[in-house]
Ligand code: 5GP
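The chain that follows stands alone, in the form predicted alone, written as structure tokens.
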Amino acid sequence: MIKVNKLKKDIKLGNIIIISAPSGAGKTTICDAIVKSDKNIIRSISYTTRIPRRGERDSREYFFVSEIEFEQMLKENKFVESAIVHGNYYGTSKDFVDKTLKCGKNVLLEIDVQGGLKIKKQYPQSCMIFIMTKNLNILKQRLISRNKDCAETIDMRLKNAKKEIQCLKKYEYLVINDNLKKAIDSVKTIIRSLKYKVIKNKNYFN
């Protein structure tokens, strides 16, 4: 007889949703929309040593810290992952991730490829989504049109994009952002499907 009411506590744990993309592909805009539309999704705010961009605020986009502060947190094993991206340190708080999951909330990580793969290794059930434009030419035009970086920085971001695309096969989902609304809806559909994953409900029939 199937005891459908005998569910173990781990079924209530939240999911980790990893969203990665090259600079300019639109991941921040998509993540903003996802978090705004679902109160059960909590965005993880990374620590970084980079200088805030115009309009950014500490503890909203990032926790902006000095290299000395970041290195001290590294020594104290405060991060579930950390990496150097475009010459700056970035790190994800392990305490925040674990506490959020235990509350049954989903954790959204807007993170680079190397960080995403580190998270996946420690949390195998994480859902990995890669956002990309149709091609690199479109990506280049977006980087130019947003008017945030100099030509040298744009070239560096495009070189990094080529490297990140090489890791695409390690991701579970690819969403092409050629239409923002459709891209947001696609990511929402992927996230909604997570509650039906067999591995998540492995104890349902015990």
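Only a predicted model underlies this, so the values are computations on that prediction, with no experimental measurement involved. Note that residue numbering follows the sequence shown and begins at 1.
Just so you know, the form predicted together with this ligand exists too; it's not on screen, but the next bit is about it.
Of the candidates Arg50, Lys170, Lys163, Arg60, Arg50 is the one whose heavy atoms come within 4.5 Å of this ligand in the model of the complex; the others do not.
Interface membership of His86, defined by any non-hydrogen atom within 4.5 Å of this ligand in the model of the complex, is confirmed. Residue contact check for Val187: none of its heavy atoms lie within 4.5 Å of this ligand in the model of the complex. Looking at Lys140, you'd find every heavy atom of it more than 4.5 angstroms from this ligand in the model of the complex. With a 4.5 Å cutoff on heavy atoms, Val107 does not count as touching this ligand in the model of the complex; it lies far away. Shown here without this ligand, the chain has Glu110, Ile111, Asp112, Gly115 in 107 to 129 lying with a heavy atom within 4.5 Å of that partner in the model of the complex.
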